[in-house]
Ligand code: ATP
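Single chain ahead, written as structure tokens, the form predicted on its own.
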């Protein structure tokens, strides 16, 4: 794995199929809120929670990430999950990163509140805070109020510290942080659907990524869309 620079390192995982402005906005919001030196995007090689979905090949997803991050000097990409091969478990990825940092470097793993609500289904989820802080992105104000309930349920030894504005533990290094941001109404699923229907996506992702998708013919269904023919009584 590549060397890591900085003392406060954000980690953002995902399939990024494709990467879009919502991913970049989340990384920017967390970076500014927690004064991070850099944010490292980690494309999943084989996401265990999405094994039944057909993902674009890893080289194409990582290539789109490289294009999207080219104009963000403090955002980088890590191919650690491809180098490890096999299912992409977060606990294994964080442990790999911990082996490459010094004791005075702090990791911040970024996730959304919907994923955090399901964190008990993650492999060895109770070990995550041994390796990294957790940063939960939530929409104000209603999601913010529910976060504490989930922390109490899954990380009972973490209590809210008003001075530090985080949930901390006396026994584990990692803290849990809340970063509030308004939702960005963009999803990779919607982008794939729009491309398959021949609709524009220029307002949803960087131009270089849109050009790459068009050049490679990504997200085009191999089955002809016959709904128009049926609706017109042609078929």
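Numbering follows the first chain given and starts at 1. If you're wondering where the values come from, they're calculated on a predicted model, not measured in any experiment.
Separately, the form predicted in complex with the named molecule exists; it is not shown, and the next lines address it.
Novice: Tell me, please, which stretch of 155 to 163, 90 to 98, 68 to 76, 135 to 143 lies within 4.5 angstroms of the named molecule in the model of the complex when heavy atoms are compared?
Specialist: Residues of 135 to 143 come within 4.5 Å of the partner.
Novice: Look up in the model of the complex whether residue 16 has a non-hydrogen atom within 4.5 angstroms of the named molecule, and give yes or no.
Specialist: Looking in the model of the complex, residue contacts with the named molecule include residue 16, since a heavy atom lies within 4.5 Å.
Novice: Decide whether residue 192 counts as a contact residue for the named molecule in the model of the complex under a heavy atom distance cut-off of 4.5 Å.
Specialist: Heavy-atom contact with the named molecule at 4.5 Å: present for residue 192.
Novice: Would you please decide whether residue 188 lies within 4.5 angstroms of the named molecule in the model of the complex, comparing each non-hydrogen atom pair?
Specialist: Yes, contact at 4.5 Å.
Novice: Tell me, yes or no, whether residue 148 is in contact with the named molecule in the model of the complex, where a contact means a heavy atom of each within 4.5 Å.
Specialist: Residue 148: no contact with the named molecule in the model of the complex.
Novice: Could you pull out the residues of 155 to 184 that have any heavy atom within 4.5 Å of the named molecule in the model of the complex?
Specialist: 181, 184, in sequence order.
Novice: With a shift of at least 3 angstroms, figure out whether the C-alpha spacing between residue 168 and residue 141 grows or shrinks in the model of the complex: closer or farther?
Specialist: It is farther: the C-alpha separation of residue 168 and residue 141 rises by at least 3 Å in the model of the complex.
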